[in-house]
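Only one chain comes next, encoded as structure tokens, the form predicted on its own.
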């Protein structure tokens, strides 16, 4: 299976590199430019993403975008890595529920500004997610018990947006645990194009 990752350094696509390293996948990185929040950069004609953003992956002749969809696609393709419940596993629905919370709550709320500007509904949704997340990772745990693709997805938020995420414990210990993963170190080495 041929995998091409369309990637821009220090973006949400970095976590996709991390996932692919955890999966032991053979992939190629196509470094692209994107428009950055500060106005720098711009669309790249070599980026097949319809909005010229990242992440985007090509698997054979298929193009996939959006982390919450790419993650289950890849974990199903690389089941041997055991990074997600299989389709018949009793925790499969929980896995997809977390993916939905990520795309429906976390991305939506964090993308709408700072906590001071959130609506009461956004604050309530985020507080509920935070309670669920902290209960899952307390006492040295991971979201589904064992390390999974969800820990890459949610944990990357703590790595990149720490100031906007819940403070203190159990998040600090969780961040330290996931940051020690060898696959993350390998992904970070590939984050920027070779000099």
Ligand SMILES: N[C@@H](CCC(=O)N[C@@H](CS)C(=O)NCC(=O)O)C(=O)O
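Numbering follows the first chain given and starts at 1. No experiment lies behind these values; they were computed from the predicted model shown.
As for the form predicted in complex with the ligand, it is not shown, yet the points below apply to it.
Asks: For the chain seen here without its partner, which of 122-130, 33-41, 166-174, 135-143 has a heavy atom within 4.5 Å of the ligand in the predicted complex?
Replies: Contact-bearing stretch, as computed: 33-41.
Asks: Against the ligand in the predicted complex, would residue 181 count as a contact residue? Criterion: heavy atoms within 4.5 Å.
Replies: No, no contact at 4.5 Å.
Asks: Wondering, does residue 155 line up within 4.5 Å of the ligand in the predicted complex on heavy atoms?
Replies: Because no heavy atom of residue 155 falls inside 4.5 Å of the ligand in the predicted complex, the answer is no.
Asks: Is there a heavy atom of residue 53 no more than 4.5 Å from a heavy atom of the ligand in the predicted complex?
Replies: Within the cut-off, so yes.
Asks: Quick check on residue 67: any heavy atom within 4.5 Å of the ligand in the predicted complex?
Replies: Close contact exists here: in the predicted complex, residue 67 approaches the ligand to within 4.5 Å, heavy atoms only.
Asks: Could you pull out the residues of 7-39 that have any heavy atom within 4.5 Å of the ligand in the predicted complex?
Replies: If the 4.5 Å heavy-atom criterion is applied to the ligand in the predicted complex, 7-39 yields 11, 12, 15, 34, 35.
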